[in-house]
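Before any questions on how it binds or moves, here is one chain, the form predicted alone, in structure tokens.
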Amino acid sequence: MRVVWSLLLTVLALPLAAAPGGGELYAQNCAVCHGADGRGGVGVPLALPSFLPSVSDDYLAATIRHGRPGRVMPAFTQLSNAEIQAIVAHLRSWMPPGSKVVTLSSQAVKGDVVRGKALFAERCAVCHGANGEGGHGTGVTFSRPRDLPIIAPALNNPGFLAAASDQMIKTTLMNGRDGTPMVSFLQQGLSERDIDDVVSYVRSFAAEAGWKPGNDDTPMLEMDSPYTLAETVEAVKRAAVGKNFRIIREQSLENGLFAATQESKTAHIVYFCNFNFINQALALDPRVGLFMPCRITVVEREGQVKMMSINPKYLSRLFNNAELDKPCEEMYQVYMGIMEEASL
């Protein structure tokens, strides 16, 4: 019994592991995109002098929690409320000395949605898109001019609308945001009533469904071939060239994993590339490079030859990037077309 009590007292005397602080949590979850110092990278800069003082803790917390569906930033559902608040506190440490967070009313803005729609088309659509879909691209560095710290955000995004209050949107329109292309609409000649109308129109986006990832849950494409493995490999190469792709190489699936004499002879990969297409895709999202060059794997199992590839339409869902929907659909058609032609 004394031994048990001795062990218990020893355990109780051990120091408890400290919970990660805001800086550590930011480094683990945010820095890879927003930069270690919040000055941006793949993601937009957070340490803009005019940004942090103009947004509430609630806005920052809701943005972390909900993310931006279809705009690269994921929803951080795995973080606790306390962890999110710790990250928010860390972001506040970047505010300019002496600056204070603006205090905003929770009162809803009441305006004329129809009139606001016309004003939006006249004043806002050139940057934020005709339907509030945001500037072209997703905010990643390669998809915006290098002289701009951010691209115009998507205002019809469900994550933005869940985080931003009416008063925050109104304040941004009235004051603009230094360091970005967003200028004060009061200085451009709009009245407060005009701005209320625009805010009401932006809020009306919440009634729309917003972007949702494709519902194709199949991560892999697969098709049978009536030919031998060697014949199928050659047929895939011919079909890829016929689709205006250049063959990069063809090798055993186990190349580099085993000695050449021990590699399986029943699994080969054909790598092919269209450099113009790759450049366009990388401009939308550099992470696409993980799946480049394009490839189709040909395997033989129990006398049946199969062709397999990743499903490109799965990538926009995997990467939370609406901008990839169209090129992923195009690449899906390419993969299916190559495999169909190779199996004729």
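None of these values were measured; they are calculated from a predicted model. Throughout, we count residues from 1 along the sequence that is shown.
Heads up, the form predicted in complex with a small molecule isn't pictured, but that's what we're talking about next.
Proximity of K237, K313 and L344 to the small molecule in the model of the complex is absent: no residue of the three has a non-hydrogen atom within 4.5 angstroms. Proximity of P45 to the small molecule in the model of the complex falls within the 4.5 Å heavy atom cutoff. With a 4.5 Å cutoff on heavy atoms, T63 counts as touching the small molecule in the model of the complex. In the model of the complex, the small molecule lies within 4.5 Å of some heavy atom of P181. Residue contact with the small molecule in the model of the complex: F76 places a heavy atom within 4.5 Å of it. Of the candidate stretches 261-269, 161-169, 248-256, 228-236, only 161-169 has residues with heavy atoms within 4.5 Å of the small molecule in the model of the complex. When you look in the model of the complex, the only residue of V299, C30, M292, A283 with a non-hydrogen atom within 4.5 Å of the small molecule is C30. Between the options C273, V113, M95, I150, the residue in contact with the small molecule in the model of the complex by a heavy atom within 4.5 angstroms is I150.
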